[in-house]
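Take a look at this single chain in structure tokens; it is the form predicted on its own.
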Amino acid sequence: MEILHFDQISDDAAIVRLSGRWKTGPQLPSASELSGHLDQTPATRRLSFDTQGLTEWDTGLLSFLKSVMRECSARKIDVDRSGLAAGVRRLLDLAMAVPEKKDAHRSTKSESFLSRVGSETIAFIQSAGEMVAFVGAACSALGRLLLRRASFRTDEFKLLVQESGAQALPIVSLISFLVGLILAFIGILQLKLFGAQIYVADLVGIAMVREMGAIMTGIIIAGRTGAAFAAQLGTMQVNEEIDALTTLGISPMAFLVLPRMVSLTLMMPLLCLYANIMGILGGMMVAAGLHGIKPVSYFQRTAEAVGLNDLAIGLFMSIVFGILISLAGCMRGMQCGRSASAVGSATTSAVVTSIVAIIMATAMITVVCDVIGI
């Protein structure tokens, strides 16, 4: 059954009769069919509609009518909409009230390689500038604290010390013990070729005390405490609590960042010492359990091999890592956007920034120690 019929009622007038079901689907005629009729009758200057035979309709009818009216406007043909149903006329008025924005569908253009390099370089320079400014503000707040011109809540500081230190002991124990165990297991297999299994104590002791204890503790704390700092401050940024502190004349740097930086810096050396002990115990378990080395001999050899220089380097690294982790976590939290997804992005960025900073600091400290001969 034909649902679209075009009738020429006079030399300059035509009527379009719509009937049947006008539901969205492939069976609906397109405006191009009507354009073909208009091409055959170029004298047509007025077009009307007859919808008495129309039984059902949806947006498919509206799309067709809108296309027809656009075509008639281009041909300078007047359209009489009085023959349409009242609901159709109202919806057409709404559809035609706001013209389609010309640049609503912008074509995506691929960015050139040099443009991408330039954009990334500018973003890196801006990020580096923000980082330097944040570190400077943190140092200024720390200086005011040392001069007793700034303070923070003692109760909150105690909670931060507990969260950064005591609550991190289980995961630090597990990871450090396993790292010492792995170092001993790999090292003793090679030393066994020369009958020098006892020197596995030297390997594990020096590695844990000088490097691995501080590094593994730093990475664990970066993923645990640094991410928590970023999430806490990011949530406060989303809830506009930081803006409220600024409005009240309270420095967010002294009130929020400083206690976190001080607490983590104080706890990192203690966690590093604990990690060293757990790593040495892990190495002793392998040496005593699998290769029959007596625990007393193992610990005596460890005491002879590990010097105060090694311990000092490890503790110095842990202090540096504590400062870097706290700064990275607080900086990403303070830079957080105003949405829930921004909090997740800030947390992820804090962990990545902390780990990269830990690796870079380790390389620099190792090179400096080698240069000065310690």
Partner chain sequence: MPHTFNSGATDSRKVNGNAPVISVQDLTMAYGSFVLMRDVNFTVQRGDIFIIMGGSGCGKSTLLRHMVGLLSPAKGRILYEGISFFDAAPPTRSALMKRMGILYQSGALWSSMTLAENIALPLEHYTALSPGQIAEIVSFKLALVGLAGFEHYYPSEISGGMRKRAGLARALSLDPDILFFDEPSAGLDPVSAKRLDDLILELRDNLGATVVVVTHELHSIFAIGNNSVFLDAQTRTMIAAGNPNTLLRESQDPTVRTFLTRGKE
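Residue numbers count along the first chain shown, from 1. Not measured: the values here are computed from a predicted model.
What comes next is about the form predicted together with its partner chain, which is not displayed.
Any chance residue 338 has a heavy atom within 4.5 Å of its partner chain in the predicted bound form? Contact check for residue 338: yes, within 4.5 Å of its partner chain in the predicted bound form.
4.5 Å heavy atom contact, residue 152 to its partner chain in the predicted bound form: Flag for residue 152 set to yes.
Taking heavy atoms and a 4.5 Å cut-off, does residue 166 contact its partner chain in the predicted bound form? No, residue 166 stays farther than 4.5 Å from its partner chain in the predicted bound form.
Please tell me whether any heavy atom belonging to residue 245 falls inside 4.5 Å of a heavy atom of its partner chain, as the geometry stands in the predicted bound form. Flag for residue 245 set to yes.
Give a yes or no on whether each residue among 50, 64 and 69 has a heavy atom within 4.5 Å of its partner chain in the predicted bound form. The answer is no: none of the three residues contacts the partner (heavy atom, 4.5 Å cut-off).
One stretch from 194-202, 153-161, 181-189, 122-130 that, in the predicted bound form, holds residues within 4.5 Å of its partner chain by heavy atom: The contacting stretch here is 153-161.
274, 134, 177, 255: which sits within 4.5 Å of its partner chain in the predicted bound form by any heavy atom? Answer to the contact question: 255.
Looking at 78, 304, 93, 240, which is the one with a non-hydrogen atom within 4.5 Å of its partner chain in the predicted bound form? Looking at 78, 304, 93, 240 one by one, just 240 meets the 4.5 Å heavy-atom criterion.
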